[in-house]
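There is one chain below, alone, in structure tokens, taken in the form predicted on its own.
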Amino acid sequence: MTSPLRIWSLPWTLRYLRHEVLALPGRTAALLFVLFLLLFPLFSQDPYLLRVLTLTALFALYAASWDLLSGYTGQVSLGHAFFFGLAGYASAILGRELGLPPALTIPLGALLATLAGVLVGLPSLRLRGPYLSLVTLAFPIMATGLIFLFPRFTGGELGLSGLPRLGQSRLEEYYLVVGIFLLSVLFLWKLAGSRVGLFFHAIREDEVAVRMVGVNTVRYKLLAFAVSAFFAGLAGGLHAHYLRVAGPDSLSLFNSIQPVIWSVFGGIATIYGPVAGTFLLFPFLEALRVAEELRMLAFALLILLVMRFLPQGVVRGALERLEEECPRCKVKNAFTRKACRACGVPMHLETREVKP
């Protein structure tokens, strides 16, 4: 029997990198992206740049959580900020009232968001399409009303400030957030590609047909709401402690729309598409602060251009041009290859006209 250490040896790793990762442009780009995040502080520790990248990673996790629910399962949520803001407030209140550290209050806030996700998911058992979207939109509005109704407890319009920091320095906070972001996105990506993810796909395409073959669609829809709400809450708790404030802005309509824009821009129902969309759009908006009056106009024009020429999203559009599927074994190959890397079949078969 081959031992696990032998399988994960250095030669095996190098062969895997060469034949499975570097063989495809998409995987190579993902590897470079991870290396960039991990190695960036070695080249610059500018506080502003670290802040932009940290917030981008938080919002990318938030967008990926929305994509799992709305992109894969088709349960379009327009009130995803409810989970984001609820976890932030829960973490802040638990820390203030019980004196717990962020390492405990943030997971507890995410678990509370998970329960809220199941609660919000219950209407999805009977509602679909725009009706479900409107119902999800009502939850952050109700939460905002409760915040203003109990200002002594929630801080009212000013929110709860002075929250404990995530780490002793910006660099420590950066690596903490990036580490959680990478592990969370890896988990969501694996889940989306698993048997559970296939059921999510099937429910989105034809829920009635899935139910007719004996699959409990109620269980999978509630699971999608719960998992999505957990990671949105995790991002919301980290966001509140990173900025050291939990305010009503975290429950705003704009905060609910943002993950939709990032996901559609990058490529919906892919997990990595929303991540790419966030890492392209959020720093772009930050760079446009030098021309504040043109900022939103340029942002809107960019989105219109991408939707016009790449309606399936930036990442999917790029991958369709850089990678091709083998006509025989369906394995992905780089567009430069003349023969499939798996079965050796020519990638571009010549067709000859048959004379009558």
Partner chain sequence: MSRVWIAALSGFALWAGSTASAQTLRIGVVGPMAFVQGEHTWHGATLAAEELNRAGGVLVGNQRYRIELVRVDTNEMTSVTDAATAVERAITAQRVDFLIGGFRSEAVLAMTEVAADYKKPFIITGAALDGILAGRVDRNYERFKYLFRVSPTKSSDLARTSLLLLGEVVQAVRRDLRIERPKVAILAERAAWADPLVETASRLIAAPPPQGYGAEVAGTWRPSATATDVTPELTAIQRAGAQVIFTVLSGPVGVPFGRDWGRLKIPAAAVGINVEAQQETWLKATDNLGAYVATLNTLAPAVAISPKTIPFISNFQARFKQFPIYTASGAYGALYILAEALNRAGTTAADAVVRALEATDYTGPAGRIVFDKTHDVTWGPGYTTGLGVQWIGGRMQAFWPRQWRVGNQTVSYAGVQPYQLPPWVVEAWRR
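The structure displayed is predicted, hence computed values, not measured ones. Numbering follows the first chain given and starts at 1.
The same protein also has a form predicted together with its partner chain, omitted here; what follows describes it.
The listed set Phe187, Phe148, Tyr131, Phe284 contains one residue whose heavy atoms approach its partner chain in the predicted bound form to within 4.5 Å, identified as Phe148. Annotated contact segment (heavy atom within 4.5 Å of its partner chain in the predicted bound form): 163 to 171, selected among 113 to 121, 163 to 171, 219 to 227, 270 to 278. Shown alone here, Asp249 lies within 4.5 Å of its partner chain in the predicted bound form, counting heavy atoms only. Put simply, Arg316 is far from its partner chain in the predicted bound form: not one heavy atom of it is within 4.5 Å. Using a 4.5 angstroms threshold between heavy atoms, Tyr48 counts as touching its partner chain in the predicted bound form. Using a 4.5 Å cutoff between non-hydrogen atoms, Glu157 counts as a contact of its partner chain in the predicted bound form. Taking its partner chain as positioned in the predicted bound form, the residues of 212 to 247 that bring a heavy atom within 4.5 Å of it are, in sequence order, His239, Leu243, Arg244, Val245, Gly247.
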